[in-house]
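Read the single chain below, which is given as structure tokens and is the form predicted on its own.
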Amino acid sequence: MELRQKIFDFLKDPIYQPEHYLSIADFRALTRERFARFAAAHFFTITDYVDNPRRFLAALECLAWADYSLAILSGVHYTLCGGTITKLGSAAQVAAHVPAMDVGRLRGCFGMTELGHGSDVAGIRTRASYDAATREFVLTTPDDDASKYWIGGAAGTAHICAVFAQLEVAGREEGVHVFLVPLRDEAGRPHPGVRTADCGAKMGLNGVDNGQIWLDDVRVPREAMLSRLATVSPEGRYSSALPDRGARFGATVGGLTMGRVLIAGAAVTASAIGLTVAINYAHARPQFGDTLIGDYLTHQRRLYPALAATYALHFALDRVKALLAAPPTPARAKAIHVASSGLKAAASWARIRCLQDCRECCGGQGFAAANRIGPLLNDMNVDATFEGDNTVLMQQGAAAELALGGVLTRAGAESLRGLVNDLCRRLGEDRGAAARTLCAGFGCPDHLMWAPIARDWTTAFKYPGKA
């Protein structure tokens, strides 16, 4: 809580207030400046990804309250690129990159997705061949289908990329491995053999410069392959602590787990923001006489189930965080993978429905960007396919959850039931008061809410200059 409060206080800087009138170029520049200031404050270190995952998650979760473009650009840098280096790299590789990444001097991106391969990571076609004569890896994009695509930060922000590629050593295929590839220098000049293009304007999240990457026989030193799980000797001999190729692949792509937990957390945060805005508005706004819109059953049926679901997802998320913080075991790693996959899908789908209902329950005011719901709907829509298509992830998570007997679902439901019962005892049958108390329980920082209708809608829209 202390770390969260420090970051929330830091986000009081006016630079983090919403700006709805910027061009895409200006929004990207603002997002980079916001990121630079946050990184320079050094609230945490990337090695917390392994050493203190609760601290790591707490720091990055705060950014979703302010701006989702900032949260995603930071997540790609710290979680996907930095976390992959920390988890799959040697001690020397971590020491060589993480200190500069911690404070934003070295900015990273994550090169997994290809134009022709999204969910099918094992089928990616970027190649990395070892040249024993020069002790280098040669990375190649064989065609446009194999280009890295939708890579956050690749169009202009990132200096390095954690590139996933099929490794070939002495004519033998060894599967997917990760290589640290320089994209551009500090002045923005491209590294020899690296070509990038901008993915262009998107339906949201336009503060992030998503890009496409081609590698034209790019040579990197032998030390560029992350080597905690596997190594290639100077002479060209491959060895791995995980001889089973399937187990090695699972460990290599395991870095997605933390990102999925952060996406689920951001979905809960966005739902909390939308519900806080919509429920406070509903119990202040009369319609058809003196009746508050929040007193109509149709209004309650749209908002209150979403409120309950958001709390249930919050409790399930806490359960996954506890698993992440516990000593690692193979069984626990499997549980974390399936839980984070299912929770990411469930939370982001629930957030889509929740924010749409919140927007409609606020009428025309829900359409105003100042009230946050619309921008959140657009910016976060990508989460349904980002870091795993929700349908594919839910198939993985649902099968395992059924095998586990619904442990996570029961834990969330039991915690929610206790909370609601306690509120009912204290608040009687006043549903509106109970709902607003539940919204207060989300802990939305006042200075990050901004939405005028969540404060006092009767004074939010006075004519400028009117006393």
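Start at 1 and count along the sequence shown; that's the residue number. Because the structure is predicted, anything quoted here is derived from the model rather than measured.
Heads up, the form predicted in complex with a further copy of the same chain isn't pictured, but that's what we're talking about next.
Contact check for 34, 96 and 238: none of the three has a heavy atom within 4.5 Å of a further copy of the same chain in the model of the complex.
Remark: of stretches 79 to 87, 265 to 273, 169 to 177, 344 to 352, the one touching a further copy of the same chain in the model of the complex is 344 to 352 (heavy atom within 4.5 Å). Between the options 184, 302, 283, 219, the residue in contact with a further copy of the same chain in the model of the complex by a heavy atom within 4.5 angstroms is 302. Between a further copy of the same chain and the residues 338, 382, 232, 279, the one pair within 4.5 Å by heavy atoms in the model of the complex involves 382.
With a 4.5 Å cutoff on heavy atoms, residue 205 counts as touching a further copy of the same chain in the model of the complex. In the model of the complex, a further copy of the same chain sits beyond 4.5 Å of every heavy atom of residue 327. Residue contact check for residue 12: none of its heavy atoms lie within 4.5 Å of a further copy of the same chain in the model of the complex.
Residue 193 falls outside the set of residues with a heavy atom inside 4.5 Å of a further copy of the same chain in the model of the complex.
Contacts between 14 to 30 and a further copy of the same chain, taken as any heavy atom within 4.5 Å in the model of the complex, involve 20, 21, 22, 23, 24.
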